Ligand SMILES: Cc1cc2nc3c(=O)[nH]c(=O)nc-3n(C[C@H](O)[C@H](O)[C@H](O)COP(=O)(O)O)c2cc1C
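What follows is one chain in structure tokens, specifically the form predicted alone.
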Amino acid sequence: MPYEDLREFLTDLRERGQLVQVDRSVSPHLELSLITKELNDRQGPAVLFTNVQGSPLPVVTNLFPNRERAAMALGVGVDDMRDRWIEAMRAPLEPVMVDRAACKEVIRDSADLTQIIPQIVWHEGDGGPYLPFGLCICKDPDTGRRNMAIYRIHMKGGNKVGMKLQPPQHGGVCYAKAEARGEPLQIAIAIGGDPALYIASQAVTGFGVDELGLAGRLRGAPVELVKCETVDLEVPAGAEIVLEGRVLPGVREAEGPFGEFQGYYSGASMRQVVEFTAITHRRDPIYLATYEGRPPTNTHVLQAIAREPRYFTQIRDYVCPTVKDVYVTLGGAACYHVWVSIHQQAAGQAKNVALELLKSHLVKHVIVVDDDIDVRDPLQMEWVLATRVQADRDVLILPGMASQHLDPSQPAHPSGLGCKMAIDATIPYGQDYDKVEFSPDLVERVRANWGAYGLR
């Protein structure tokens, strides 16, 4: 059964011993952030801070420190997540509208964020407090199709924030269309809710695909939506807090710096401004947040599990039907590095697989290996790079390609232009290397008798 909301998920985590409560007074200036980072690095439990200095709300962090926690949120095993994602992409489940919603138990008279949102500073070099885990919902001004994603939000006091909305991100595309008309882009920020919403928000989809429909299929039941008060948008009925507002056309103010998911600061720049017009929430809302920074973090986990099924189907459908596995590495910031295993059917197929993935502005380096290699095992990957690669034959260098503009190694950063690399680490098609191996029957027999040997 799907979780109805964040609270039901937290209750389940507590019962499983995966939620801890911190009642000690904690500073929102760096201390809460570092505690969260330490828990994340240790693959620790989610944490509920009940006494954040200056905060009117309790704060929950570290919801998704690993793939196991994300799989739990969807009610599946880790090995079943890819199939669940592929089904969601094939047949999204349309949301349903409701008239009454928990997120509207309180409709505030003021849209001043400082009265309700904890002012958390996450890194020493940040330009101020940031809201890092809000589900940003907007619509394509041309088609009315919804988009839901997570963008960083720089809180500037009162009802105003700075945002980074830049194409090809879909929210940036929607804003560019609205601004070209001289119109504001209506936006709503939902905080908290069924964890499937956060997982779906990281989907790699075509422009116009509704992530709320993906969330419905992922959770196994339609997402319930309710109309906003001051903007023409629909938001998850079970959200803890909803912020309604407009991204102003033709207005830019300094936003940043912020410690980004690559582990480096992105500098301050002139970026979009949002003015909020309404705040609604539950009677006793919980503020859900996450730490952003050097991988691995919760965000990297969510991005990796969302991108792997997309890349898998892309390869399977267009280049290599016999693809075995696709792994988006956390150390590669869950976007730059993709490792792929295939069963080769033709000479040069591995390079075609790599080039198919490098079309994405997010992907920087691709390694393709044979299907005898587990791409999720770093020792096997190092071995295959050492023993199956000749650089002059197997490495492709592709300069001057559209790339993820937050990569600090780009020339003239942030130019959005970078160099990409493909490594074909497969055995050349039609050849075979004389590998040292035991027969599968002997391996199975020895493992079956392991206890009889007196071994553990």
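Values in this document were obtained by computation on a predicted structure and should not be read as measured data. Heads up: residue numbers just count along the shown sequence, starting at 1.
There is another form of the same protein, the form predicted together with the ligand; it is not shown, and what comes next is about it.
Proximity to the ligand in the predicted complex holds for none of T61, P129 and E240, with the criterion being a heavy atom within 4.5 Å. Y151 belongs to the set of residues with a heavy atom inside 4.5 Å of the ligand in the predicted complex. Residue contact with the ligand in the predicted complex: A203 places a heavy atom within 4.5 Å of it. Q272 falls outside the set of residues with a heavy atom inside 4.5 Å of the ligand in the predicted complex. At a distance threshold of 4.5 angstroms between non-hydrogen atoms, S266 is out of contact with the ligand in the predicted complex. Note that among 163 to 171, 231 to 239, 244 to 252, 188 to 196, the stretch whose heavy atoms approach the ligand to within 4.5 Å in the predicted complex is 163 to 171. Only one of the listed residues (T329, S360, N147, T280) places a non-hydrogen atom within 4.5 angstroms of the ligand in the predicted complex, and that residue is N147. Residue in contact with the ligand in the predicted complex (any heavy atom within 4.5 Å), chosen from R84, R307, K364, K139: R307. Using a 4.5 Å cut-off on any heavy atom, the residues of 283 to 305 that reach the ligand in the predicted complex are, in sequence order, T290, E292, T299, L302, Q303.
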